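Below, in structure tokens: the form predicted on its own, a single chain.
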Amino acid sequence: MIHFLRGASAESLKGRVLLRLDFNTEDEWRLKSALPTIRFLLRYAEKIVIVSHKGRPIGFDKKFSLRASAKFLEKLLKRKIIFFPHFRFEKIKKTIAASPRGSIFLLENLRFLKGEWKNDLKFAKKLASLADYYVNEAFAVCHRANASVSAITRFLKSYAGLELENELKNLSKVMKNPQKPLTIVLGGAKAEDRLGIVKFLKNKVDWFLLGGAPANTLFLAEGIDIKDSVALRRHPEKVRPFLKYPNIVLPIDFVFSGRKILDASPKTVQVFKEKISQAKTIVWNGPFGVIEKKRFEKGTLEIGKAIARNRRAFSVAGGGETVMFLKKYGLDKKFSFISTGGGAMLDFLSGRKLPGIAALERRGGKKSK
């Protein structure tokens, strides 16, 4: 059973908290989504020790440092953030102990250390020694078996943060009791993850609208020449069964540039918009073109606008590229829910057990000494 922060007693939240956040995004929008949890904890916790990651560094790498994130968080909270640019835990513990009540700390990028990547129990125990209980407010990394997400719960009483609770509530709504018709829109460059959703939900979804690599992969399996377009090219025999799904809608034609499909065509967008207008529940993950270039963003923009116009539908969007694109055009505010997860959202919707969620379902260990 997951313990939710919202339901915790004031007494149980009095000590020092280890708060797992996710700073791994371009404009810190994931950090902003965690502000309600930070402010909630400031009312009860003695001190807040924040841990997070950024990028995929190999060892210490200044360009992935969280120092700038500490400064940004200071501006948002209008409070001093004490940043630790090292992992000398005895020194960190002494600084925390000597600091006044209400202090907030941020450790350097955890992915600088192998222990984080390897979900190492010894490293998790060191992290746990900094606090009395743990709060996970990093849904976007819950599909990773990292020490600060999974192993940490063996040593501390653990809670799901306010935003993580919202993620589970809203994504479960799509999984368990969606209003029909249910339409799932999938694009982007990672075909395998998207097709995993299609396979798992094939009997629950009215329409899958596919673009990007998922669509290209099916075209390739059908024998259509997609030239050098992004697609999953291994194990075509595993892909061919998808061609028989009656609820998959593929692009009618493409916008080619050079030897690659780089956008959805106007005819395709029109077909997709008709399906979107009829839907009562819509989930979107992944753009339909190379949105980094303005001339190839038209299809994605039209899809985004179509979903935003359907005010009757419960609409969910996730994935870093998709969310950043929606924010660029102010469309994110017109969706019912914006997920902070990319891969985590896809894995959750695919029915996979997320390591971070499974860890929270454990009751939590004894405090580490």
Ligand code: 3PG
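Worth saying up front: this structure is predicted, and the values here are computed from it rather than measured. Throughout, we count residues from 1 along the sequence that is shown.
Not pictured, yet referred to below: the form predicted together with this ligand.
The candidate spot formed by Asp22, Arg56 and Arg144 is fully in contact with this ligand in the model of the complex: every one of the three has a heavy atom within 4.5 Å.
Interface membership of Arg30, defined by any non-hydrogen atom within 4.5 Å of this ligand in the model of the complex, is confirmed.
Shown alone here, Ala140 lies within 4.5 Å of this ligand in the model of the complex, counting heavy atoms only. Of the candidate stretches 32-40, 322-330, 306-314, 48-56, only 48-56 has residues with heavy atoms within 4.5 Å of this ligand in the model of the complex. Along 95-129, one residue reaches a heavy atom to within 4.5 Å of this ligand in the model of the complex: Arg111.
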